[in-house]
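Below, in structure tokens: the form predicted on its own, a single chain.
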């Protein structure tokens, strides 16, 4: 399994060392939750932190933009070192134009669907979408309980993407641990985003545990 540790739950006093641990432990990418206090009720990182993380690792960086105006700021995130720009389908912007702009600027485009949002809203963007991110918590804070209905969306997305022969990867974010991660893998997820589970324990061991999840296995 591809694992993307979410830096929102890292220890900022130990950020460099923990980024190194994620890198050496085989993480697929690093997930960077960017929140503006308007689109979601929390404030997190900005361009400077992303530049700092970029200088520390060669792993792909995912900028998950939980902000009202991703159309204004996407370019600065790419220039700061983000490889993938994840934009919510619920964002009050012209998504088709923004998708074109991100790709033209040299970034990869990803679309995000909140728990209450029908998956069909993302379908028009999937042909040129690197990642479809399905939220299994309400965006804004780490440590929330996993919303099991997200598994149905993962299964639906797996069927749609396979039937259309698309290369879009399915990512799931929120409440992911070794148990819920197995459920997500069985439903068809390609990438697991995990925050508090990874950073509240032995980072190397927990990344290894999630990475070892196998479809239909139920064991780590």
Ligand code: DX5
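Every value quoted in this text rests on a predicted model; they were computed, and no experiment measured them. Numbering follows the first chain given and starts at 1.
One more form of this protein, predicted together with the ligand, exists but is not displayed; see below.
Q: Based on heavy atom distances of 4.5 Å or less, which listed stretch (22 to 30, 183 to 191, 170 to 178, 152 to 160) is in contact with the ligand in the model of the complex?
A: Going through the listed ranges, the match is 170 to 178.
Q: Find out whether any non-hydrogen atom of residue 144 is located within 4.5 angstroms of the ligand in the model of the complex, and reply yes or no.
A: Yes, residue 144 lies within 4.5 Å of the ligand in the model of the complex.
Q: So in the model of the complex, does any heavy atom of residue 8 sit within 4.5 Å of the ligand?
A: Contact check for residue 8: yes, within 4.5 Å of the ligand in the model of the complex.
Q: For residue 59, is any heavy atom within 4.5 Å of the ligand in the model of the complex, or not?
A: It does not: once the ligand is placed as it appears in the model of the complex, residue 59 has no heavy atom within 4.5 Å of it.
Q: Quick one: does residue 211 come within 4.5 Å of the ligand in the model of the complex, counting heavy atoms only?
A: So residue 211 does not count as contacting the ligand.
Q: Are there residues in 37 to 71 with a heavy atom within 4.5 Å of the ligand in the model of the complex, and which are they, in order?
A: Going through 37 to 71 in order - heavy atoms within 4.5 Å of the ligand in the model of the complex - the hits are 64, 66.
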